[in-house]
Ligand code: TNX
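We begin with a single chain expressed as structure tokens, specifically the form predicted alone.
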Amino acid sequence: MYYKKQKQIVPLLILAVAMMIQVSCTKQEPSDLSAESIIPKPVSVVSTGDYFTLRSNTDIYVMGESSELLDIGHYLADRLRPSTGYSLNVKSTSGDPGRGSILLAIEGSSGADINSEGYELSITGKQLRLTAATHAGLFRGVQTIRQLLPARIEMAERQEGPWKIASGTISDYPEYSYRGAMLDVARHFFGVDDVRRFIDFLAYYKMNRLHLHLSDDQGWRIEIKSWPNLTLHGGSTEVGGGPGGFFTQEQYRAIVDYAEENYITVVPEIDMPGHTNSALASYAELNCDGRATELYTGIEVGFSSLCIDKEITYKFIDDVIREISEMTPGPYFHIGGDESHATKLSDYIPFVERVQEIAASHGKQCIGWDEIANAKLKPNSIAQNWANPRNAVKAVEQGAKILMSPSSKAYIDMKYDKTTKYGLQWAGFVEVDVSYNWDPAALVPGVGKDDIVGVESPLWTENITNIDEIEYMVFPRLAGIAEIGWTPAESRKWEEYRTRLGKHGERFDAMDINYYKSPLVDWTALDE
């Protein structure tokens, strides 16, 4: 009898042991946080080989009662709910919320760096903890959390899990304080929804500046109440003769507010004294001969100029800068200054100097395209290097700072290659490797890292007409420009980056982004 029982027990024991081994093996499946495809590449990643799993009962906690902290918690929850189907309640706490939770906290020193956008992410099997010295730092860290989850997390419909994040520690902070992109809404007009989507792209890759090119020869795109004909007439068309359009002040404020919610500063640009035909067509008195010009729908440049000698010109500029500055809380106002071929240099120089003073009177720091270095610059002015390295050196010699946007590398309106349907090619073809393989601090002899505030990738829209075309030109180059601004040059290598970038193909798919599938990159599709 005892023998029979023993014969029955032995197989059961074997089965139990086998099941324990299987469960144990599954539970102990190693992870490698350092192998995750995070863009921009973090400063430091240490892997511990475990996982944190997002589950249906996971809650997001913020330390303290700060409404801004709660907003960041809700931002994270809003991005994770659609694909997971989880409730992801957001709660305040004064202590450790325990196993299975996500905790966001402001700490005096994040352990990353004194940089205001630094953060530290600590991931264990028990908890995910994100800390930073500022709310902006926490927001940048939230983007890393998104990228650590499977790409399906970005989809708008519920997906199957599991939702695992590799364990370890990430300490991170940016190399440059200014990391941005420019959207030209003047050549072709793009509405509030398109600009909001553009802001979402910047936020995902930890960029913090949105430069809006609001006026040009082809259209005036921002309502100025003291000069209403600028939009009524000057905003009524665009390149090719389309209907144009403009932002009301309420719409512009909505864009600024949305950018602020994403910890992005709006940099408004009113280009002058050239690129001004839409203003000259709207108000005759801005022309030296007192006659309004015709509206313009072509793409040639350098033919227009405000009348430098008329006092009404400076009243106009003062009103425009005042009204826009009142709606724009950031420190910057971009005065353009490029390609002013119709303005004599002897007129251009005093014009730029006076406009700097006008901007300063409204509490703004001037940015201008690199030609402004021909004038005497205020010490806090910024010259945006796009064409002439000598101008960057001139600006630095005056004590000004440089924003790096070299057209042959950073202009994301340039064609990728000769087969590209959209974009231009006057600065050459800019493939994904060309836009990534450059160091701002080594680009111009005489201009070092301490002279540079950061990088910006402009998107001019002479032949870009809708959001799908914007996406095609922006992606994947925007990700590389973002990494140039965030990650130290010595940590960036093309061969390693192209592998990480390839993994983002499935993220582009999940976010329904129309991107250029560069043959230089091995792309991972969402369904693989």
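Just so we're clear, the structure is a prediction, and the values are computed from it rather than from any experiment. Numbering starts at 1 and follows the sequence shown.
Although not depicted, the form predicted in complex with the ligand is the subject of the following passage.
When contacts are defined as a non-hydrogen atom within 4.5 Å, all of 369, 413 and 424 contact the ligand in the predicted bound form. Among the residues 409, 129, 401, 187, the one placing a heavy atom within 4.5 Å of the ligand in the predicted bound form is 187.
Taking a 4.5 Å heavy atom cutoff to the ligand in the predicted bound form, the contact residue among 246, 198, 163, 386 is 386. Within this chain, residue 59 is remote from the site of the ligand in the predicted bound form, having no heavy atom within 4.5 Å. Residue contact check for residue 318: none of its heavy atoms lie within 4.5 Å of the ligand in the predicted bound form.
Taking the partner from elsewhere, residue 192 is found to have every heavy atom lying beyond 4.5 Å of the ligand in the predicted bound form. Taking non-hydrogen atoms only, residue 433 never approaches the ligand to within 4.5 angstroms in the predicted bound form.
Checking 233 to 241, 140 to 148, 334 to 342, 321 to 329 against the ligand in the predicted bound form, the stretch whose residues place heavy atoms within 4.5 Å of it is 334 to 342. Shown here without the ligand, the chain has only 275 in 267 to 286 lying with a heavy atom within 4.5 Å of that partner in the predicted bound form.
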